[in-house]
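Here's a solo chain for you in structure tokens, the form predicted alone.
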Amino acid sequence: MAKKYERIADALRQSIRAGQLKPGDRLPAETALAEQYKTSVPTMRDALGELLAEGLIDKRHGVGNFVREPRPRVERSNQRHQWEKNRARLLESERLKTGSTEHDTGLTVSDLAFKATYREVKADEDLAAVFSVPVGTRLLEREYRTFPREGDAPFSLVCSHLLYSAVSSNPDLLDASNEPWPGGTQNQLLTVGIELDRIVERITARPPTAEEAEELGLQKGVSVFVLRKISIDTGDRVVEVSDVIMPGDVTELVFTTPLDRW
């Protein structure tokens, strides 16, 4: 049987989802809510804590509890990679119109803000094993953050590594000021003659680190998806390893697998 605070939380949750409590609305004071639901203030706080953990409300200290603006949802499908490959050879004017985040969220270029940082690093044991190169091999590390224009938390935390020797023939690929690059990584690789044959993605879930939770704006109790994307070229060489941290409360992973017919 559900506990009293859980039943109260469910009633408030339904009011939010039904639109009776709208984004930005301030909830009544905890004492008023406790009186409304005929319960104690500590029980009421437990109920509000449930909604806070789910990201349905925000608590502003000294002000009160407010219904949270819903964060944009991200639907990440395995079919996005073929979409990116098809787009990589389009004219730049076409590639400028949209990108992978827009594809995943349904937002437009004007809805988003983008940040990229580049640096040279040496492969540690983990990356060296994936790339099949010696420890210490030169890599280009790229960190990406894409934000909704009206938000302060990115959709995900992306750290990509490229073999430096594979891309250094095009100096433009070493300069973060060229980001966001129309056509993304697959078009970047195309400029140095690299075509991807396949992409392997491994996904796990775990609680976020304190730093991840802060940067992603996660409420207490929300887990993250951890995705490692390994891009392999037509010569069977790993050319990019990308690690992506995604908030579990607004990310949906969709896998569509075509099946051979009998």
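Residue numbers run from 1 along the displayed sequence. Definition used throughout: the rigid core is the maximal C-alpha set that superposes within 1.5 Å between two forms. Predicted, not measured: the structure shown is a model, and the values here were computed from it.
This protein has a second form, the form predicted in complex with a further copy of the same chain, left out of what is shown; the following refers to that one.
Although the partner is absent from this view, residue 198 contacts a further copy of the same chain in the predicted bound form, with a non-hydrogen atom inside 4.5 angstroms. Using a 4.5 angstroms limit between non-hydrogen atoms, residue 122 is distant from a further copy of the same chain in the predicted bound form. When contacts are judged by a 4.5 Å heavy atom cut-off, residue 242 does not count as touching a further copy of the same chain in the predicted bound form. a further copy of the same chain in the predicted bound form comes within 4.5 Å of no heavy atom belonging to residue 145. Proximity to a further copy of the same chain in the predicted bound form holds for none of 26, 70 and 117, with the criterion being a heavy atom within 4.5 Å. In short, of 176-184, 130-138, 154-162, 74-82 it is 74-82 that has heavy atoms within 4.5 Å of a further copy of the same chain in the predicted bound form. Heavy atoms closer than or equal to 4.5 Å to a further copy of the same chain in the predicted bound form belong, across 46-65, to the residues 53, 54, ordered by sequence position. Core-superposed comparison between this form and the one not shown: the C-alpha position of residue 52 differs by no less than 2 Å. After superposing the rigid core, the Cα of residue 10 is displaced by 2 Å or more between this form and the one not shown. Compared with the form shown here, the Cα atoms of residue 17 and residue 76 sit 3 Å or more farther apart in the predicted bound form.
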